[in-house]
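Only one chain comes next, encoded as structure tokens, the form predicted alone.
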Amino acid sequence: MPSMPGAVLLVEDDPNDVLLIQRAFTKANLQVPMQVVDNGEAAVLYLAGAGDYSDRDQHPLPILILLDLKLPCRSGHEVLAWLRQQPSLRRLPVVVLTSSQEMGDINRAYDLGANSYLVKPVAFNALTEIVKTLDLYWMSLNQAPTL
């Protein structure tokens, strides 16, 4: 498989949410490839380039991570804490995309280094608008850090 520079890593355990987000990417006509892992431990392995994710041609470092908080194995907060402790990865932009609107979750995510916090909308059209905004801001306007 060829290298996929500029991939988005979606860390999401709900297959329905994965499908909706993938459809929103398609509807928004985003050309960026998406990699998906379904739990926090897989996210850590992916980002570390370990185990099943050791081939960086198939599993490139993402330019953006979309991170759910309520994950099996390791929570999104735990993944974020781990990521920010990795010198070679700590600058990766992370957008928390979750259903939690609890202020404790929001504050903790920012304390751990989240770059943004978005609540998943119920309506598909609203999700598509969020994806378009993510594309505009993170893929077009934002100056990516060096890793």
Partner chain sequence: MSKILHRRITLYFALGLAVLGINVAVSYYHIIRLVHNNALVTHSQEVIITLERMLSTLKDAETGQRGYLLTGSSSYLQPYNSAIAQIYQRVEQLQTLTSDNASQQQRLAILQPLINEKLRELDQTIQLRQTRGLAAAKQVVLSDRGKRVMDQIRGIVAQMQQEEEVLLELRSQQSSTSIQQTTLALSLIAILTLLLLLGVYALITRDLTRRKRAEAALQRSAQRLAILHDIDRAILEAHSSIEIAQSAVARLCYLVPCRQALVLCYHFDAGEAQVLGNSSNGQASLAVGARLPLSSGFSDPVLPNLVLTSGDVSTNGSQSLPTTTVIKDNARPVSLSNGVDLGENCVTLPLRSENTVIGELKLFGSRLVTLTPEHREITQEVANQLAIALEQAQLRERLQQNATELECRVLERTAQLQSANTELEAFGYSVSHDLRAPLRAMQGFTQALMEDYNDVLDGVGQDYARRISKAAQRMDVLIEDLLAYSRLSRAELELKPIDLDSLVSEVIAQLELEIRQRQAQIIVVNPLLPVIAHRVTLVQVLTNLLMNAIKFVASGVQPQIKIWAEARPEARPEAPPHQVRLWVQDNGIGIAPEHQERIFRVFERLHGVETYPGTGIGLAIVRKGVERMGGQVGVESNPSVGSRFWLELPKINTRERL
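Here the structure is a predicted model, which means the values were calculated and not measured. Numbering follows the first chain given and starts at 1.
Same protein, other form: the form predicted in complex with the partner chain, not shown, and the subject of what follows.
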{"query": "4.5 Å heavy atom contact, A50 to the partner chain in the predicted bound form", "finding": "no"}
{"query": "4.5 angstroms heavy atom contact with the partner chain in the predicted bound form for K70", "finding": "yes"}
{"query": "Any non-hydrogen atom of L19 within 4.5 angstroms of the partner chain in the predicted bound form", "finding": "yes"}
{"query": "Close approach of N115 to the partner chain in the predicted bound form, 4.5 Å, heavy atom", "finding": "no"}
{"query": "Listed residue that, although the partner chain is not shown, lies within 4.5 Å of it in the predicted bound form (heavy atoms), from S99, Q35, Q58, Q86", "finding": "S99"}
{"query": "In the predicted bound form, segment of 115-123, 78-86, 59-67, 35-43 with a heavy atom within 4.5 Å of the partner chain", "finding": "115-123"}
